[in-house]
Structures are given as C-alpha cells and as structure tokens.
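This document starts with one chain, in the form predicted on its own, laid out as structure tokens.
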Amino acid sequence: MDAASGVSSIEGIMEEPHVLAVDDNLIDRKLVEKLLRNSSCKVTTAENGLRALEYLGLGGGDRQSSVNDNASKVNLIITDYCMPGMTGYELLKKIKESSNMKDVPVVIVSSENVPTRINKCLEEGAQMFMLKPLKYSDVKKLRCQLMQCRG
C-alpha cells in the first residue's frame, strides 16, 4: 500500500503543464481543450493569433509588462495553421522572434496535409505539425514530449 500511495504523491508534486491553445474554430478549440484537460494539462484558449500574442505579452501596447507573467507560465503552444488575420505560421514566427518565448515548444495543427506548409513550419522552429482532428493519442504523445522537454 505504501508504494502505491508514494507514487500518487510524486505525481501530485508534478506541476500540470500549461498549454495555450489557439484556434479560430470554437468546436476545434473546445476539442483540443477537452483532450488536454483529460491529459492533466492546464489550458488557456485564444480565438486568434493576436489574442494569443496579447496573452503572451507580445502584442505590444501598454499592458505588455503586466501580461508578461502569463508568458512565463506557458509550457506549450498549440495553434491552428489557417486562421483569419494571422496564420499559425505567422504566430510561430512572432513567438520564435521573442527572447522570452523562443524556447516554448509550438505545435501547429491543420486539417490540410500540405508538405510544403509542414516543412516551412518545422524549419521556422515548430516542435511538431499534427493533422486535425487531434486524437487523445496525439495529446498523450505531446504531453510525454513536453515532460521530456521540461525535465
């Protein structure tokens, strides 16, 4: 009995990874959020790239310093590729250009399997490119990778 209780207390000590999920489609956003929560992740969602940048403190303006606290708490960013205003690729570039955020893994998701797009994102520093719809097995793989990145 002691061994079993010892394992659960160790798991309790491990902090929940905080994931920022960015998608303009509400259904896709909710699906990703549910999958991540079921994988014991803390989730913040944003409906577009600009909102994500604001949350991360990269949006410019006066609120930058106060919002920057959020950035230090994000362990992973999952973003859709096709979004109005700013694509996932453009968001990725902004994140990788930031001195504070460049080391945070970014995963791009898309319903379109376009090899040139996938390669472009990976070359720009994306951790991974995944096809929609995301499945629980995809999220488990991500979480496992995330724990290796942090540990």
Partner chain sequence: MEIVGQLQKQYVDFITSLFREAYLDDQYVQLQKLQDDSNPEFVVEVVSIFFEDSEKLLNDLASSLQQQVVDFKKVDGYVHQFKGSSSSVGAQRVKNACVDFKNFCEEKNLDGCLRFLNLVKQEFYLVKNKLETLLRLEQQILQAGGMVPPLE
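Numbering follows the first chain given and starts at 1. Here the structure is a predicted model, which is why all the values come from computation and not from measurement.
This next part talks about the form predicted in complex with its partner chain, which is not shown.
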### Summary
From Glu47, Asp28, Glu54, Glu124: within 4.5 Å of its partner chain in the predicted bound form by heavy atoms is Asp28
## Note on the structure
Checking Lys120, Lys42, Lys96, Lys34 against its partner chain in the predicted bound form, the residue with a non-hydrogen atom inside 4.5 angstroms turns out to be Lys34
### Task
Tell me, yes or no, whether Thr116 is in contact with its partner chain in the predicted bound form, where a contact means a heavy atom of each within 4.5 Å.
no
### Task
May I ask you to state whether Asp69 is within 4.5 Å of its partner chain in the predicted bound form, using heavy atom distances?
no
### Task
Please run the contact check for Glu112 against its partner chain in the predicted bound form: heavy atoms, 4.5 angstroms, yes or no?
yes
### Query
If you check in the predicted bound form, is His18 within 4.5 Å of its partner chain, heavy atoms only?
no
### Message
Could you pull out the residues of 115 to 142 that have any heavy atom within 4.5 Å of its partner chain in the predicted bound form?
### Response
Pro133, Lys135, Tyr136
